[in-house]
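Next up is one chain by itself, shown in structure tokens, the form predicted alone.
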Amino acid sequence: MAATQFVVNGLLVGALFAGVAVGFALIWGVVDIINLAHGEMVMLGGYTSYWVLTLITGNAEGSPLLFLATIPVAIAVLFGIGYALQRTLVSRVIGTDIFLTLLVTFGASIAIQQLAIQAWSANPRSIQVSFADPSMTLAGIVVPKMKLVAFAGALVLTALMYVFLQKTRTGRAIRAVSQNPEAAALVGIDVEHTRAVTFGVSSAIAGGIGAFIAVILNIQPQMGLIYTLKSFIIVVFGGVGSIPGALIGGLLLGSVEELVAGFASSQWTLAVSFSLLIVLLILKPKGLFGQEADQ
């Protein structure tokens, strides 16, 4: 029963990891860079939701519906930040040496962290959502209601991302740029604008997930790195360029980490995750569903 409880907890949290990783995979596949500032978009999304709710209620507390109303604000704000970041900074290093792109995005990550510390301090914060009964029991398994809401929200955001890429004109343009930027430009697609929109969409989904993280966990300015690392593990695990792979990879990673934390210690979770990544790359370099991550 304890193992089942850990797996359920892992699936609930793993959906959030998957949502963050989907945005990370989108930038990697379309813009062809590894965005080391992606975790900071999660952090900024959490703070946006936190401060919007504080502005409405006077403190970061409210009903579930009031909290959910802050999600579109976080998504919109982070889309603007991501779009501007790509246009002003990242676009200057696209197509250059991979180490330069890593250095630029790492520098952006540190700058955002320090600005957040100066603006909001390093103290952890969280959003308090009121339920008459904060949890429910199903077949002996305790399921916190807010984690269930966050799980559903993460799945909805991931599904919307998939539909956006598959069914909309902009989504098709993004996929065209990811496959062949030169050919996309020849048929009239604005490649630089499309890449900026991709960066904005990636940041937007990260911001929406960050808002859910602010409810079930704490947020603080230096939280971004861990989500960037987890996203890297999930994307390579599920296969570069595969949204279903990122979703399944996130759920698996969440379950493994909860089992390790429950039966051993939370200090071992990241070490076990990277060990599994190494084993997977040896046995199945293409990941579960995607392209080979030989870079």
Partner chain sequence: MSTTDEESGGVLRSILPPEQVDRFLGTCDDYGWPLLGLGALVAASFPLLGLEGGYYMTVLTEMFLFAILALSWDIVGGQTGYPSFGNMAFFGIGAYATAILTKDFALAFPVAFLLAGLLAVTFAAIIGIVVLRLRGHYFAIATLGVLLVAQQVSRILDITGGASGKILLETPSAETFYYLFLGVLVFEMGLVYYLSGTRFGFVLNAIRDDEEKATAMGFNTTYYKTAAWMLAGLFTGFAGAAYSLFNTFIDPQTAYNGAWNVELIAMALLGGSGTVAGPVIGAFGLHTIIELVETYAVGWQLVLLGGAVIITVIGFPKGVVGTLSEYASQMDYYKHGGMAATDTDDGSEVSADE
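Positions refer to the first chain, counted from 1. As the structure is a prediction and not an experimental result, all values here were calculated from the model.
Although not depicted, the form predicted together with the partner chain is the subject of the following passage.
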| item | value |
| --- | --- |
| The single option of Tyr162, Trp120, Phe131, Phe106 touching the partner chain in the model of the complex, heavy atom within 4.5 Å | Phe106 |
| Interface residue in the model of the complex among Lys145, Arg125, Arg92, Arg175, criterion: non-hydrogen atom within 4.5 angstroms of the partner chain | Arg92 |
| Full three-residue contact with the partner chain in the model of the complex, heavy atom 4.5 Å, for Ile98, Leu115 and Val240 | yes |
| Proximity of Trp28 to the partner chain in the model of the complex, heavy atoms at 4.5 Å | yes |
| Close approach of Asp32 to the partner chain in the model of the complex, 4.5 Å, heavy atom | yes |
| is_contact(Trp268, the partner chain) in the model of the complex, heavy atom dist at most 4.5 Å | yes |
| Partner contact for Ile248 in the model of the complex: the partner chain, 4.5 angstroms, heavy atom | no |
| Stretch in contact, per heavy atom within 4.5 angstroms of the partner chain in the model of the complex, of 252-260, 56-64, 232-240, 38-46 | 232-240 |
| The partner chain in the model of the complex - contacting residues of 207-227, heavy atom within 4.5 Å | Leu225 |
